[in-house]
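Next up: just one chain, as structure tokens, the form predicted on its own.
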Amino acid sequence: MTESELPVQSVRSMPSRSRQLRALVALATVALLSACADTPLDTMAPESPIANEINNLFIGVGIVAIIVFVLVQGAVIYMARRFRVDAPDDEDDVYPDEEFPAQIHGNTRLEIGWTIVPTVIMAIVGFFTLGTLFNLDDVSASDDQQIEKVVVVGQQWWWEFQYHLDDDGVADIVTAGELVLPVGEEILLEVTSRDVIHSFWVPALNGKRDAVPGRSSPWTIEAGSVGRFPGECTEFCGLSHAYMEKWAVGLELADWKTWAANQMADATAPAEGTDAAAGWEVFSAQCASCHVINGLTSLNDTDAVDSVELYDGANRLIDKQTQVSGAAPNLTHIASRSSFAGGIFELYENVDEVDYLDLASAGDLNRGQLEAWIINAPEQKANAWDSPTGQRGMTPFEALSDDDVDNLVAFLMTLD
């Protein structure tokens, strides 16, 4: 007798453990693969008071959930074994009629009990959850911080950070890909976007905050220790959403002041006759229509030079109408950063072995990856550089000669 000829009740009773096992294995595989990333994000390794509070709430709710799960599943397993009905020996038979066990419907004490107990549990969980949420929404920072605020701008597919060290409304530092913070200071962020909705998240330092076009969402962040902490965009935003990464970097206060002073200095042209000078010529011809180097790149072919005063939140750079992409990472001090390409590649191969401030002088340049990025960025990170509706990525430069690429790298490495 084939399966299709079996009585309906018998077919329904056929064991399907192998299919269930395969489904569970497939589900577990998908879950593990979806959790994989080039940059691991550890949500249970808090490095700030805010992240620690989130982690404590997660652990507490997790413990409650595990206890409830064990009790409920234990009761289900007990009842399944206690009141089990064996399948018939003959496959032509159906399950025999059996008397139902004693029912508890109408047992007032039990029904009140299993209504009140879950309500009390959820009320306790809700109390601590709301307390944590209220604390997270308190985005006021103290007045004695080194930074007035940082405007965080999401763009397909990278992050820009505009530092305001005072309240004059003009950015003092503009960087891309890395948010550098003095340890122990809670910094106010204003999170926004230039194009679509993104979401800012550095799990070791705080929870998530959406970056919405036309809206500035306040948030705070604090580095509790020295180090680099990975972050991701967590709102699906298009082609390279999975590669829209960033780093938060914690520095001791004295080191942060040194870093900030260096970032506020304009770049200077390399000495004539050097490889870097030849690279600057390549940059001027090929890259300056998108990228800004404070003190070097020109504005609309005038004598004025680019500066941080051109930045106005998520808006297009003021008067920089020739900029093809609307905005591109500021490269004024790219050699002082630990990553590039929206945070997905390390700029130095020994980045974890060298102090952050010494990267430009003591780091081993990841030259192969940097050159590959310059020659054909879309091959390294999918983008929409040739989109008819607007460029959203770096253009490939496959026509550059080997000497052009070498000179361009030499120039970029002077931008420390």
Ligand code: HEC
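This is a predicted model, so every value here is computed, not measured. Start at 1 with the first residue shown and count on from there.
What comes next is about the form predicted together with heme C (HEC), which does not appear here.
Q. Heme C (HEC) isn't shown here, but in the predicted complex, which of 192-200, 113-121, 332-340, 270-278 has heavy atoms within 4.5 Å of it?
A. Checking each option against the 4.5 Å cut-off leaves 332-340.
Q. Any chance Leu359 has a heavy atom within 4.5 Å of heme C (HEC) in the predicted complex?
A. Heavy-atom contact with heme C (HEC) at 4.5 Å: absent for Leu359.
Q. Wondering, does Lys149 line up within 4.5 Å of heme C (HEC) in the predicted complex on heavy atoms?
A. No, Lys149 sits far enough from heme C (HEC) in the predicted complex that none of its heavy atoms falls within 4.5 Å.
Q: Could you confirm whether Arg209 comes within 4.5 Å of heme C (HEC) in the predicted complex, counting heavy atoms only?
A: No, Arg209 sits far enough from heme C (HEC) in the predicted complex that none of its heavy atoms falls within 4.5 Å.
(Q) Check His291 for me: does it contact heme C (HEC) in the predicted complex (non-hydrogen atoms, 4.5 angstroms)? (A) Within the cut-off, so yes.
Q. Though heme C (HEC) is not shown, can you say which of Gln145, Ser225, Gln286, Ser216 has a heavy atom within 4.5 Å of it in the predicted complex?
A. Looking at the other structure, the residue within range turns out to be Gln286.
Q. If you check in the predicted complex, do Ala171, Val249 and Trp259 all have a non-hydrogen atom within 4.5 Å of heme C (HEC)?
A. Result no, not one residue of the spot touches heme C (HEC).
**Q.** Residues from 152-167 in contact with heme C (HEC) (non-hydrogen atom within 4.5 Å) in the predicted complex
**A.** Read in sequence order, the residues that approach heme C (HEC) (within 4.5 Å, in the predicted complex) are Trp157, Trp158.
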